[in-house]
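Just one chain is shown here, as structure tokens, and it is the form predicted on its own.
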Amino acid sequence: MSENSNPILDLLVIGGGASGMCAAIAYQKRILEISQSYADVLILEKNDRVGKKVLATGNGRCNLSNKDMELSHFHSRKESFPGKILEKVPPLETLAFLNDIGIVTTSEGNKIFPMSKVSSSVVDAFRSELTDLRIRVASDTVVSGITAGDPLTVSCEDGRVFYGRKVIVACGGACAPALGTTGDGYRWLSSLGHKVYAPKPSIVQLVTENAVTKPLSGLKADAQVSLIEDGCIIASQFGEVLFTDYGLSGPAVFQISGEVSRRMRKGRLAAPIYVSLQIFDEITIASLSEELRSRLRTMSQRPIEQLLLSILPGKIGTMILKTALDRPLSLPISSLSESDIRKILGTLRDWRFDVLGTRSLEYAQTTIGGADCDEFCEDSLESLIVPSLYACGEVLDVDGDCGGYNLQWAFSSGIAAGRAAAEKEPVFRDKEGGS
């Protein structure tokens, strides 16, 4: 060891988010199973408390997981990687893990939440478990780098140095910098020889041509939202859309936003993409077709701007008409032709918005990109470059769709990394934690 007199810790976990807390807890529990003794585990947390990003999850309701665990909801350049970890630590096992901590779950549709529907109760349960398992937390600790060796060395910006037989990097991605996830882990892993894919935003708002969206800012509509490239649908989702000054937001937009980021090169789209909003399904469109033709007769002297009255919110209906027609909306409805009616119905089926890109990582809920999964063991998450170094959660090149998938990845990968670290040459201590 160096001249520094700090003891060598059994495990250092960098990051006290969902994956880091799971990793520390899973490690300690496995050590207790193996040796009936406590290991010396320390979490280094950048914020003043652990679990800050968890508090913001699901608008404060903490969408923990999802009943629909099709692997298509997880994305990585190494496509098989998320599935290997989710097979090793499947969703039902993570729910049992959470239940053991004291987190009882319930569901709304496919989404799984804590029964309390309050994210703070999840964080409180994790904090209590850390205390029960004698896992220490060093908060307000900003790590500056990791040095390979035996032991591994973790240096901090305030000059402190920690040594660990095992180190788990669980510091998150590069989104939500206000919550401490600023991409530091990418820099550390890169300095150790790992390839890192540049981070891009996902579960984020889309920037579009805003001539239509800006006047509608703050209004919402339910629609089938599709991303179209070269005439092909590359992603589609039904749900709420929020019109904004800069483009489109809302749950349905978040769900498909990652496909835009994946097509960005040097800040620009590799090929033109547009969003298509289908405001009504085909059955409703057929009914509206008859209704609009009826209004040609019954409302013939009213202005065109009233044609969709009570069918859509006023401003949205007016903007649909402006998009579809090339005439003043003050003209009477009787001036509309059969071709005009078809254009209006066509816009309700396919209201198009040219996509310019996404909002920045600052506004994203998760990160696309990260450390190359090819350089980590798909069984243990141990680095194939630096022995006894592990990574889990968002710092790896894995991201999930909106709906609990990113927390599921955090839980599964954290548990997998913690257990694997414990099983590799475990240190045996007496029951009070002494060597």
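If you're wondering where the values come from, they're calculated on a predicted model, not measured in any experiment. Quick note: we count residues from 1 along the sequence shown, nothing fancier.
FYI, the form predicted together with a small molecule isn't displayed, but the following is about it.
- Of the candidate stretches 205-213, 275-283, 183-191, 232-240, only 183-191 has residues with heavy atoms within 4.5 Å of the small molecule in the predicted bound form.
- Although the partner is absent from the chain shown here, Leu44, Val143 and Gly404 each have a heavy atom within 4.5 Å of the small molecule in the predicted bound form.
- Think of it this way: in the predicted bound form, the small molecule has a heavy atom of just one of Val89, Leu130, Leu325, Ala176 within 4.5 Å, and the residue is Ala176.
- Interface residue among Cys377, Ile34, Ile385, Ala56 relative to the small molecule in the predicted bound form, by the heavy atom within 4.5 Å criterion: Ala56.
- In the predicted bound form, no heavy atom of Val253 sits within 4.5 Å of the small molecule.
- Remark: Gly17 counts among the residues lining the small molecule in the predicted bound form, judged by a heavy atom distance of 4.5 Å or less.
- Though the partner is left out of this view, Ala410 does reach within 4.5 Å of the small molecule in the predicted bound form, counting heavy atoms only.
- By the criterion of a heavy atom within 4.5 Å, Gly172 is counted among the residues contacting the small molecule in the predicted bound form.
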